[in-house]
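To begin, one chain is listed below as C-alpha cells, in the form predicted alone.
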C-alpha cells in the first residue's frame, strides 16, 4: 500500500514505526510514561513488554527515571522501545549508533538483529561495520536515488563500491 501523500498518523496506524536519528524522547517524562504514550491501544505495552525488556533489560531497571537523565545509549534503547510498543510490521530506524560508545553499539547491534525475528527493520546507518554485520540486504542511495542494491554479503566483498559510496575500506 503506497504511503506517499498520507498523513503521519495514518502511516503510523498502518503498522510503520519510526525511530528518529536524534531519539526525540520526552526528556521530562519517565521511561514508563514514554512507553505508555506510545500505545495505540490500551494494553499494547503489556503485550509488548516481554519483548522490550528482553531486548533492553536496563529500561526495566529505569522505569521511574526521567528520559533526560538516561545515558545516550539508554535513550536510544528507549527510542527503539517506543516503536515496539504498538504492533508494528515495519520499523524504520535512523542512525541508531550515532554518538554511542563502541560497547553500546555492540548491544544495539544485537538488539536490532534480534528484532528482525519479530518485524521487518529498515536501518539507515553510516557505520558500515555495524550495518554489514546485521543486515541481509543493502540499498545505496545517492542524491535521492537508489544506485545500488543487493545482498549484503556481496557488498562486503565489493571493496571499490564500499570505498566509493561509504568511504570505508
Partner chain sequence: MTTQPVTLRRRRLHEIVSPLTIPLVTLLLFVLILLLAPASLPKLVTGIILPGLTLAALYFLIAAGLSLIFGLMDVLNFAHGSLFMVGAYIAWSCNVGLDPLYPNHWPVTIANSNARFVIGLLVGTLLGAGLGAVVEVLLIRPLYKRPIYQVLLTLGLVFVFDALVRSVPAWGSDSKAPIKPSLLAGSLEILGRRFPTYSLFLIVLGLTLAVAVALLLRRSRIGMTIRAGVQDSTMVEALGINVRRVFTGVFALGAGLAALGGAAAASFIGVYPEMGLEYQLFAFIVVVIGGLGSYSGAAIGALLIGLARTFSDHLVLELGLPTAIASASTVLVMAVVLLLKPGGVFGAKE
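Residue numbers count along the first chain shown, from 1. For clarity, every value in this text was computed on a predicted model and none was experimentally measured.
Omitted from view is the form predicted in complex with the partner chain, to which the following refers.
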Quiz item: Quick one: is residue 4 in contact with the partner chain in the predicted bound form, heavy atoms, 4.5 Å cut-off?
Solution: no
Quiz item: Heavy atom to heavy atom, is residue 109 within 4.5 Å of the partner chain in the predicted bound form?
Solution: no
Quiz item: With a 4.5 Å heavy atom cut-off, would you call residue 152 a contact of the partner chain in the predicted bound form?
Solution: no
Quiz item: Within a 4.5 Å heavy atom cut-off, is residue 134 in contact with the partner chain in the predicted bound form?
Solution: no
Quiz item: For the chain shown here without its partner, which stretch in 100 to 108, 45 to 53, 134 to 142, 61 to 69 has non-hydrogen atoms within 4.5 angstroms of the partner chain in the predicted bound form?
Solution: 61 to 69
Quiz item: Only one of 119, 36, 114, 126 has a non-hydrogen atom within 4.5 angstroms of the partner chain in the predicted bound form; which is it?
Solution: 36
Quiz item: Which residues in 75 to 110 have a heavy atom within 4.5 Å of the partner chain in the predicted bound form?
Solution: 82
